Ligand SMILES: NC(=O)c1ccc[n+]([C@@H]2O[C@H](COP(=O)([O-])OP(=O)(O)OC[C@H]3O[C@@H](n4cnc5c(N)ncnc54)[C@H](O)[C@@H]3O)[C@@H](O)[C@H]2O)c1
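First, one chain by itself: the form predicted alone, in structure tokens.
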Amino acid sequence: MSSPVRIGIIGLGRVFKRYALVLDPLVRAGRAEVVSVYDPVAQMRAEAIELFPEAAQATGPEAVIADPSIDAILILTSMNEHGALTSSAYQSGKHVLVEKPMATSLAEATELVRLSQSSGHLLVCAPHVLLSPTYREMHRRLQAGEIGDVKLARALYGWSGPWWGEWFYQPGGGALFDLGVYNVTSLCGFLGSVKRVTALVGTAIKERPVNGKPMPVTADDNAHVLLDFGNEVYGSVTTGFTIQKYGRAPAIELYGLEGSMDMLGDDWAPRGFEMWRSSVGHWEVFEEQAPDWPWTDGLNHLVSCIERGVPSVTRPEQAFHVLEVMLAAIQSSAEGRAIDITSTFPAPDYSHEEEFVMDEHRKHDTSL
């Protein structure tokens, strides 16, 4: 067995606890080791040490970043901190996984893409929706032309909003960066690069209770975004901290010239998919094959890619494109006009993952 991937973690809040569920089996299997953790809240540091007793409590994020024994760093802080911390960690020669969005400004994101293109280290950016088995199977069927050319698409994700973390409702936070990012990533993975954005983005609830106290909301909490993918291919994203509940509406609907395909559940927590093909004449339902798939699976992916020395499916250029789209949506709403997008979204490349699956199959197939 190769040496474990030695990991440092910056940010130990709610998101960390979900990543810990993925990290624990990696540690138990000897594939990962938690070396150092940091959060400004002492209680959170203590709780992290309870989960991973071998880890040291760092004195600050710079101490984690500077540790020469660390191979990879997880950036799980509030959104406004992502860009600077990721840049610093990446420049220190570490692999990095950063929660969404990769940064909150195009200037910071541009620097991250530049660094990634000149380095042999991985930069894995959340959200990790492209990695789910359901997404990958839908992507495969779309590429095979099973519902023909897709011309319309719709994506949905929202809820009533967090009651913790003031930064969700301050500049650099907001529903688009926290929620809409999933939907935009999903649609771009299916349909390619967005060419133009038109949107309505606003703040519907001007004051919210956070940590038991009222606070003014100065970030977006309500958005409807129209995406032009070129060649008369159009998509929409409905998102916000203004949705109490939605019933049976699929996360993603794709309308092709020969059929339709819906992702059931949310794109970060799919529950299978259904497909209508005009040639068949009825809905076909494909049950979820990985009900325990975690939205933190990017950590599994990062460790696996480091072990195998292969590129990740999720690319910094993809995260940059999604950030440009979200910022364009805010600009479009403010200026009342369509905004052109200049970056591109590289198509997901699953070839290394398919090779890995075949290699694992050969290892365990006694007939070979």
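All residue numbers are counted from 1 along the displayed sequence. Keep in mind it's a predicted model, so treat the numbers as computed, not measured.
The protein also exists as the form predicted together with this ligand; that form is not presented, and the subsequent description refers to it.
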item	value
This ligand contact in the model of the complex: residue 81, any heavy atom under 4.5 Å	yes
4.5 angstroms heavy atom contact with this ligand in the model of the complex for residue 339	no
Touches this ligand in the model of the complex: residue 85 (any heavy atom, 4.5 Å)	yes
This ligand contact in the model of the complex: residue 30, any heavy atom under 4.5 Å	no
Candidate stretches 36-44, 307-315, 327-335, 22-30, one within 4.5 Å of this ligand in the model of the complex by heavy atom	36-44
One residue of 154, 100, 224, 141 in contact with this ligand, assessed in the model of the complex (non-hydrogen atom, 4.5 angstroms)	100
Residues from 178-211 in contact with this ligand (non-hydrogen atom within 4.5 Å) in the model of the complex	178, 182
